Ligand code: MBD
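Only one chain is included here, represented as structure tokens and corresponding to the form predicted alone.
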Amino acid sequence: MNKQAIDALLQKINDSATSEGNPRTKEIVNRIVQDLFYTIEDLDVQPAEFWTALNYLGDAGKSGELGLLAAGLGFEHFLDLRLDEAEAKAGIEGGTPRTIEGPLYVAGAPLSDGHARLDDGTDPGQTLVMRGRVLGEDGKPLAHALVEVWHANHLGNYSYFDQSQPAFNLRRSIRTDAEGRYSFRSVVPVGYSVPPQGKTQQLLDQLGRHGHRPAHIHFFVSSPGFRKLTTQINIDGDPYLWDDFAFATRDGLVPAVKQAEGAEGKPYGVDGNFALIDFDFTLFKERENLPGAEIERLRAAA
């Protein structure tokens, strides 16, 4: 079929509506359908290929991997870049880069003031202390800002989704002190991969791509009147540091990992050697006429 015939078919489909519906939904869905019709025609997609793709998406939904696919196909990173572009046009540049949330946040983590311990002492790995401040764009500390932090265990699994872990293992929420300071004790995370027999890896194999992620720690950072920051830091030295299947590594999000010992660990209840990361977060004041930085999406809650 040529484009004229396809457009006539699309118009027939659109004209079948018997009520006004939602204008925004119609605009988006009609555009997607149009682009898919063009793709099927241009690439001569066969019926068996179409149904294979549809069944694949159904299976990925059943297995809970659509969030991984959104990351692995670059959609989350693309949405971040669009937010960056909108902010740059409004004069917001610099500060802490945003990067993807991923699909494994869980609301309701225990809240601590100033400092928290994320692990329960049973997770193997080197002890980690991460500390810093939450600042406004003017460089002044933000007291009582909320730092939500979560990361995977030594097997690349996240509590709640991995029922073998204690509730909220390696997950906490921390209120900064009067000087905007936060700190937490945990273990140095390791990199991991998507489920090797899962639907995401199945598609990545077809694309000739791997499904590895470098070691990282996720954050939400928020304060009233400021734009919420969704970000993560990556652990320097990981072999996949700049080859993340989810495209989440960004300049400014790879802090130095120092080796510390002795008295420096006392405030955090650490004896002996430990890894130390110093990292400050910068939040920008909310502006009018900007896309929201608080992203509405379905999330787990415990």
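Everything numeric here is computed off the predicted structure, so don't read it as measured data. Numbering starts at 1 and follows the sequence shown.
The same protein also exists as the form predicted together with 3-methylcatechol; that form is not shown, yet it is the one meant from here on.
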Response to the item:
Per contact check vs 3-methylcatechol in the predicted complex (non-hydrogen atom within 4.5 angstroms), the hit among 269 to 277, 33 to 41, 245 to 253, 52 to 60 is 245 to 253
Item to complete: Answer with yes or no whether M130 is in contact with 3-methylcatechol in the predicted complex, where contact means some heavy atom within 4.5 Å.
Response: no
Item to complete: Give a yes/no on whether L68 approaches 3-methylcatechol to within 4.5 Å in the predicted complex, heavy atoms considered.
Response: yes
Worksheet entry | Contact test in the predicted complex: G198 vs 3-methylcatechol, heavy atoms, 4.5 Å | no
Worksheet item: Wondering, does P103 line up within 4.5 Å of 3-methylcatechol in the predicted complex on heavy atoms?
Response: yes
Worksheet item: Is 3-methylcatechol in the predicted complex near all of Y158, R213 and H218, within 4.5 Å of a heavy atom of each?
Response: yes
Worksheet entry | Interface residue in the predicted complex among F226, Y192, F184, F168, criterion: non-hydrogen atom within 4.5 angstroms of 3-methylcatechol | Y192
